[in-house]
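Next up: a single chain in structure tokens, the form predicted alone.
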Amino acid sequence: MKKIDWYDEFVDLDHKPSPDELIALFYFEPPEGMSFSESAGRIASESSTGTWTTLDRMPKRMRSLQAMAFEMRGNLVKIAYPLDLWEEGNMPQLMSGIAGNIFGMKGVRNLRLIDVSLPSSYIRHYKGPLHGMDGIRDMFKVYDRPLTGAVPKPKIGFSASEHAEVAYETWMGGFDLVKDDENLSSQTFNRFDKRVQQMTIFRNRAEKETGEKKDGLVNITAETDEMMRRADILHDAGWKYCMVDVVVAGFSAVQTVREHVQDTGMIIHAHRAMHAAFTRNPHHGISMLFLAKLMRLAGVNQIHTGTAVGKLVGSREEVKALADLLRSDHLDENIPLNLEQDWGHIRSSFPVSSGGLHPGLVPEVLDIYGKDLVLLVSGGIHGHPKGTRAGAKATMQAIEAWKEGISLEEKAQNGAELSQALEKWGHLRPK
């Protein structure tokens, strides 16, 4: 009987990957009745040159393009992909291969893409962030603490003028940034153009009164041409930042925005809204770690990475791994979290900690991240008994306490705003 399929030809446990091959790490579960080896072969086959049946003829070059499952350890498999499978600088095409049809195959019960080690011969076709962390710090003249920001709360429903007034109070409390939330774009009650106009007035006032640089993470997410228009409006009004909901906008849109801001020098703040639809299940989907890697490669300057102590999912171990991935020049392999990665010319990105924070949790977050992050405390300043400005001041006092190596309670003895925040929230971890 003639052989029907050739999945076994995509498994070679003696294969030694070349320096130019992309190495993907998957968690996988074969369906009932199928061996681990056959399931792994199906993953490698479907994500490269294979098909469900043997073929009568095939050009010789096809053999050099086959992906190869070369290492299996329990439910983990490493697959090597020849460089020529991938178009230069095309992130959507990369994802169509390593994260495409394979998730819908009957040959896996569960499948999770944990990480991909990208060789220098691949990443050299990407520009990465326009500014590294040091470049952004130079813009704000902030070097010894996190950059700070807040979303006006409730996060949606304010008019443009109301939104700007809350922003002003946030800036006057000592914060650097005011952020739109992910679902605020240009609704009838708060049009984008009007919001930028009003925010610019209050930003200029806050800068004049404080002598500090102030900015905003204003959400430009929309149809791609409209995103470009909105980025230009922000730049013309003197804003350094624009914000993109990178998952819902898509890889192509992120790459387009990065190319567009090359000449204007704008900073891209990446919100990860919708990521948990495919990152949350530990047995299926794509890891947040790999999503963050892709976004750094595409060129965002900062991306949300969780708190480990706030209202959103994410362990302390994951948060630290994400921060290392974004800030480091080189990462060593650390299964099951990440593969080795040399970033080469790709600049660093800031991790962003947000979601359910208040002054009482600030030291715990900084213990995890250190000072190189963007710290967003929103409900935890606007819910302060004395209002937004006092809440921002309380957060800045909490940062000072961490820097000074003293407890919040000790700092609060000379900080009324922090004392009032602790009286309301203490060290509560929201659920």
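Numbering starts at 1 and runs along the sequence shown. Quantities reported herein were computed from a predicted structural model and do not represent experimental measurements.
The same protein has a further form, the form predicted in complex with a small molecule, not shown here; the description that follows concerns it.
Only one of Leu361, Val151, Ala164, Leu118 lies close to the small molecule in the predicted complex, with a heavy atom inside 4.5 Å, and it is Val151. In summary, among the residues His271, Arg112, Arg195, Lys293, the only one with a non-hydrogen atom within 4.5 Å of the small molecule in the predicted complex is His271.
Of the candidate stretches 253-261, 347-355, 208-216, 98-106, only 347-355 has residues with heavy atoms within 4.5 Å of the small molecule in the predicted complex.
Using a 4.5 angstroms limit between non-hydrogen atoms, Gly379 touches the small molecule in the predicted complex. The closest non-hydrogen atom of Lys155 lies within 4.5 Å of the small molecule in the predicted complex. Remark: His304 counts among the residues lining the small molecule in the predicted complex, judged by a heavy atom distance of 4.5 Å or less. Using a 4.5 angstroms threshold between heavy atoms, Glu182 counts as touching the small molecule in the predicted complex.
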